[in-house]
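Shown here is one chain on its own, the form predicted alone, set out as structure tokens.
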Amino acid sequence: MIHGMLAVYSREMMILRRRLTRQIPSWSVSPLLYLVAFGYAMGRHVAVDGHTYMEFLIPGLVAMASMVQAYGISSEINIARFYWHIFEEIQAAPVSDTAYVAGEVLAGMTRAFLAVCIILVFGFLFGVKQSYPPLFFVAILMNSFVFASLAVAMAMLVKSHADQSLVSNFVITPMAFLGGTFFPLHSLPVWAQKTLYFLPLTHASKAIRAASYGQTPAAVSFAVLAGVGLTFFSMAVFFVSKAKD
């Protein structure tokens, strides 16, 4: 299984390495705009829970970027399936379904981590001082695992890029703005808070933000991310096996 996983992962990394000079500017534009427009221009004199808005915003952007970029591996899978027919070659290779999913998920997590590093560099350039303990990166990796697993599962279900866009528009984009990334959830009505509590990004944002403040994230956040991630990973393995039929 390990050899199959590494083969799938290596292929994705070779593609990423060839595109990295284009990907880095692409990963940089949105976070930079958010930091300038929301964090610096609008939130310079705003405090949230005793912290500056910039200190509040950067962990939210980290959570959002790790979600979006991890889920972005679905586009690579779709291109490989619909245009290059790589998935058909993997079907013929001695690569198990679990190994294939693990390789793609690891590739999505790598993309997410690189995008997060760019945001942390921006935070340093903007003079934001925060803590980055091990639990900070554990939360990032768990969040990216959740959405990379979801990406593989959805990539096996959709029949075209248009279908993939629908999933992004109705699931990923709303979650990016409602998962505690740009504003504290306690400012919402109680019913909205309870609803958004079920989103995995909400728990990722809380865990990443708590760790960046030098606090210990709640264990329930890690438990939710682990449970949802394993569920999505199992779904991905199941849908890969169905796609082979």
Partner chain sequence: MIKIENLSKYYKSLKAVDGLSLHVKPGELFAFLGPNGAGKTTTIRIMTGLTRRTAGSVSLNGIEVGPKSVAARKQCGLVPQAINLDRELSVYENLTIHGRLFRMGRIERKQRIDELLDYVEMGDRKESLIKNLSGGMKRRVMIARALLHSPAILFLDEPTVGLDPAIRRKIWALIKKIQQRGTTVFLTTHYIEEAEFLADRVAFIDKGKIITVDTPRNLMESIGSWAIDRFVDDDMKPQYFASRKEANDFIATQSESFTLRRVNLEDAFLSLTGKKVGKDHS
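Numbering follows the first chain given and starts at 1. A quick note: this is a predicted structure, and the numbers were derived from the prediction, not measured.
Just so it is clear, the following notes concern the form predicted in complex with the partner chain, a form of the same protein that is not shown.
Q: Check whether A223 has any heavy atom within 4.5 Å of a heavy atom of the partner chain in the predicted bound form, and answer yes or no.
A: No.
Q.
Against the partner chain in the predicted bound form, would L120 count as a contact residue? Criterion: heavy atoms within 4.5 Å.
A. Because no heavy atom of L120 falls inside 4.5 Å of the partner chain in the predicted bound form, the answer is no.
Q. Within a 4.5 Å heavy atom cut-off, is G127 in contact with the partner chain in the predicted bound form?
A. G127: no, not in contact with the partner chain in the predicted bound form.
Q. If you check in the predicted bound form, is F170 within 4.5 Å of the partner chain, heavy atoms only?
A. No, F170 is distant from the partner.
Q) Quick check: do R11, M14 and V95 each get a heavy atom within 4.5 Å of the partner chain in the predicted bound form? A) Spot residues vs the partner chain: full contact, yes.
Q: With the partner chain left out here, work out from 107 to 115, 82 to 90, 143 to 151, 67 to 75 which stretch has heavy atoms within 4.5 Å of it in the predicted bound form.
A: Heavy-atom contact with the partner occurs in 82 to 90.
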